[in-house]
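This document starts with one chain, in the form predicted alone, laid out as structure tokens.
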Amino acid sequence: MNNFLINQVKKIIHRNSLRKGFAHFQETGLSTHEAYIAMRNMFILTRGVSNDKLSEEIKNQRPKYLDIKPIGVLGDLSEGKAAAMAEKMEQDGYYIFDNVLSEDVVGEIFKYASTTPTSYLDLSSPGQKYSTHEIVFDESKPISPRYQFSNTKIVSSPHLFNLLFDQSLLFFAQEYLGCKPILDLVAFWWSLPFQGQGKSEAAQLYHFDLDRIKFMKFFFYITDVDTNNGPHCYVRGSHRALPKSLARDGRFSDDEIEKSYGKSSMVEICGKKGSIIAVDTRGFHKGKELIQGKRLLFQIEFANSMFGQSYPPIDINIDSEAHQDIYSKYIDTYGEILQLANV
């Protein structure tokens, strides 16, 4: 049997598994591992078309909120500003905002990360595993290329917690996704130089993310980021369709990416501390390996559906009346992973 026929048979098998799994998810809210793997396989076999079709279905099922106040850390996004930004991001796969976090907020987040124990990528274990033992980050005693805070530690920082409920972020995410967004993932981590070790595990080789059908991430630089200390690298326009030459799951070398897209499409996103960028990480991206210094990054992800990979909920306490109102008003967004512990 030739490759064309083999791929056609694979498509039929994975398409049926995906459709069955997606229907089960819509009925029960539960996403099976088999259906998740089928989504990844169909994405590769159709070079992204399968996810695009499912996203169009979801748009009709999850119409946009009509009452988000589009003001926050991104500024005032009313009067079509968010739409213009989202259109630019749809073209390039990323957007660099003019607004930045204030020096005071950046300083408090940095202080919190410098004094709060965190897990670290354990290179002695196979795969991408983090230590159960937590330590306070010490740049002078590197033991790993990446140190990652638990979700509990993230929501314990008042300033990171505030960002989760920022309405300008919600408004932009809705504009880009075309439907009610779902807050589905948060992450906060340090990166250090580590002599080339753990590049794959630390996401320092090109790859595409595919935990959900459609999603986008906000990255907040909490330290200055230049070409030597880990800029986010992105392949402009690579979120739109997967090239045949790269239609596989896994990590990719710089040479492979350059052959398919050209060097001019490979962008390093540098920025001062406080910089905010939005990225569709369905496109090819990586964190560049650090040569010197350190990098501290906070990430918030919004998706159009929880179908796909499974993550545990995050227990939170909401003391602010304003946050309580936002949580209740947009429960479809925040209630998927933020679980009230004080109820």
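Remember, predicted model here, so these are calculated numbers, not experimental data. From 1 onward, residues are counted along the sequence shown.
As for the form predicted together with a small molecule, it is not shown, yet the points below apply to it.
K.L.:
Assess the spot marked by 189, 207 and 217: is the small molecule within 4.5 Å of a heavy atom from every one of these residues in the predicted bound form?
P.N.:
Yes, all three are in contact.
K.L.:
Taking any heavy atom pair closer than or equal to 4.5 Å as contact, tell me whether residue 299 reaches the small molecule in the predicted bound form.
P.N.:
Yes.
K.L.:
Would you classify residue 287 as touching the small molecule in the predicted bound form, given a 4.5 Å non-hydrogen atom cut-off?
P.N.:
Yes, residue 287 sits close enough to the small molecule in the predicted bound form that at least one of its heavy atoms falls within 4.5 Å.
K.L.:
Is residue 180 close to the small molecule in the predicted bound form, meaning a heavy atom pair under 4.5 Å apart or at it?
P.N.:
Contact check for residue 180: no, nothing within 4.5 Å of the small molecule in the predicted bound form.
K.L.:
Given that the small molecule is not shown alongside this chain, does residue 232 nevertheless sit within 4.5 Å of it in the predicted bound form, heavy atom to heavy atom?
P.N.:
Taking the distances in the predicted bound form, the answer for residue 232 is yes, it comes within 4.5 Å of the small molecule.
K.L.:
Look at the stretches 22 to 30, 279 to 287, 308 to 316, 55 to 63 and give the one with heavy atoms within 4.5 Å of the small molecule in the predicted bound form.
P.N.:
Partner-contacting stretch among the options: 279 to 287.
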